[in-house]
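The chain below stands alone and is given as structure tokens, in the form predicted on its own.
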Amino acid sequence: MGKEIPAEKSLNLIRGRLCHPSFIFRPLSASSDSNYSKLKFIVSTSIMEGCNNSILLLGPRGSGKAAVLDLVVGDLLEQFPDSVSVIRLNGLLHSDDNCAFKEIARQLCMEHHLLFSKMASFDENSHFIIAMLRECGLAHKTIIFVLDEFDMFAQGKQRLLYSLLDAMQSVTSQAVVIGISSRLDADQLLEKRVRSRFSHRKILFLPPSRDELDGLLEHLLSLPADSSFPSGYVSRFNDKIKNITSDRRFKDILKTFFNAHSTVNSFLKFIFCAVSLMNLESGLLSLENFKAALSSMQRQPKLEAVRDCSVLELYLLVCMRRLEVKEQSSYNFISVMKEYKAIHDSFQTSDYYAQNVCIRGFEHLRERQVICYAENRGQSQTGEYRPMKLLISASELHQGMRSHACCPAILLKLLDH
């Protein structure tokens, strides 16, 4: 019973760390060349010098753009508590100009304890925002506009972007516009009048390096020595983590994982899954936990679809694959049935079904998206005569059939020859 308590405590501690963005990204922000340092320098300089600026944070989803921005904003609010005001918009919610201006006005009223009117028109909200920018500039207070899903604001007439950036051309205003987007060409979506007012500062979020990953792993998984955990348990836990991370097999697991997932967010999900599989009796992580986590995150829906197929559907898939091997570029249900009959006649298999039953199996494969029509043309033709194609590779088909509970041995033989 004594071992279970520290094990559960360590599990909860690590899970809490993995759900705490500031804890995760703080070590990645230590370098002077990090995106955190670059962004903080740009925004803090704008606040201290009372100038306007605009920046784009670009990178794939899950790369830490919003987390790093939240770290920077949190630090700046502590450093300049009376000189910074933050307005947040999301392109998925506020891409409509009228809705965006109303939301900015609402947040400004809440920030400065003013009465907000829901009935205010677009022009009234626009004039109010410009007036607030001027008043905040005269009071040496910087307004930071955070525009998440920035590319959504770059659609349509772009009135919001133009109005904000145009107002920032005034010497009396003091604002920073920070756009967040997963589109690397987000700045190219801007109209000429908007682009001419944009600062063209971009910060690119790339996948973490191997050294950064090693440091992040140690930061996330190591237990603190000066804690309420028993000292013997802490040393055993940390030694086990070092042994795992230095193991060549663990490095191979990470390499396999990063071939498909390259973002920090996906890496955190992988670690969370591995930690959740920890044996509470031993209270220690093992290499098997990471292997199981890799398997659970690399689900292959096509293989699962093949494993769920009936024996008839497996015959149809093998027939289609054999037609492809014979370099028959175009085939339909009729040609697949000819191949199916040829197999039956050659090997005298007991699994032979009527054509109307085979049609239902064919449709079921199409619904499961294992096969599809080869082209959109010929929709007036009946399904039996329309060209078809496989949506799974030969290796996926072979692997799925080998793991199938009821796959006839003759099918694997036919697939190999």
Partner chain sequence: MAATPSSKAKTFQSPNKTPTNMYRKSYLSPSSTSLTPQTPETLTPLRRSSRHVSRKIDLGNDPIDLQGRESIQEINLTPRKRTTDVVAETLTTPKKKKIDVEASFSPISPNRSETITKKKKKKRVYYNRVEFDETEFEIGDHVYVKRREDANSDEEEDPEIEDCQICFKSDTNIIMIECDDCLGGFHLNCLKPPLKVVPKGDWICQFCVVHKPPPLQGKKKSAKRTMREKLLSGDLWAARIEKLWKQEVVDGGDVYWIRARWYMIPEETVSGRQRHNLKRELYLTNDFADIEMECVLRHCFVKCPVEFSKASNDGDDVFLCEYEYDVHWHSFKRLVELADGDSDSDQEWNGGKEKEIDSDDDEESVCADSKSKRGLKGANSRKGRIFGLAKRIPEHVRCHKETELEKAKATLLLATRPQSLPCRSKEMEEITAFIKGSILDDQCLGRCMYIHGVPGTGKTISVLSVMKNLKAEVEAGSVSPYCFVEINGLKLASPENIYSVIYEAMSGHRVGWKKALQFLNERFAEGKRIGKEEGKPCILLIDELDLLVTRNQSVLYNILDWPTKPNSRLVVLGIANTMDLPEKLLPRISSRMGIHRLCFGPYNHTQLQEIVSTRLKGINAFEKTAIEFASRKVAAVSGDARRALEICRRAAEVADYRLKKTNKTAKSQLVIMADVEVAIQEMFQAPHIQVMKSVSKLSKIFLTAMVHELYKTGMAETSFDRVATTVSSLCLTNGEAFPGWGILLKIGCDLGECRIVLCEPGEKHRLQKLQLNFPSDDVAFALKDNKDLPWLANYL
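Between two forms, the rigid core is defined as the largest C-alpha subset superposing within 1.5 Å. Since the model is a prediction, treat every value here as computed from it, not as a measurement. Positions refer to the first chain, counted from 1.
Only in words, not in the display: the form predicted in complex with its partner chain, which the text now covers.
- Distance criterion of 4.5 Å from any heavy atom to its partner chain in the predicted bound form singles out S199 from the list N265, S199, N243, S222.
- The contact residue chosen from S346, Q298, S330, S231 relative to its partner chain in the predicted bound form is Q298, the criterion being a non-hydrogen atom within 4.5 angstroms.
- No residue in the set S276, S310 and M401 has a non-hydrogen atom no more than 4.5 Å from its partner chain in the predicted bound form.
- With the partner omitted here, the stretch from 87 to 95, 67 to 75, 212 to 220, 165 to 173 that lies within 4.5 Å of its partner chain by heavy atoms in the predicted bound form is 165 to 173.
- At the 4.5 Å threshold, heavy atoms of C51 reach its partner chain in the predicted bound form.
- Interface membership of Q369, defined by any non-hydrogen atom within 4.5 Å of its partner chain in the predicted bound form, is confirmed.
- Shown alone here, S395 lies within 4.5 Å of its partner chain in the predicted bound form, counting heavy atoms only.
- Although the partner is absent here, F41 is a contact residue: one of its heavy atoms lies within 4.5 angstroms of its partner chain in the predicted bound form.
- For the partner-free chain shown, A120, F122, D123, E124, N125, H127, F128, A131, M132, R134, E135, C136, G137, L138, A139, H140, K141 of 120 to 148 come within 4.5 angstroms of its partner chain in the predicted bound form, judged by any non-hydrogen atom.
- Positional change of I178 between this form and the one not shown stays under 2 Å at the C-alpha, relative to the superposed core.
- Comparing the forms between this form and the one not shown, the C-alpha position of Q369 differs by 2 angstroms or more, with the core used for superposition.
- Put the two forms on the same core and the Cα of V84 is off by less than 2 Å between this form and the one not shown.
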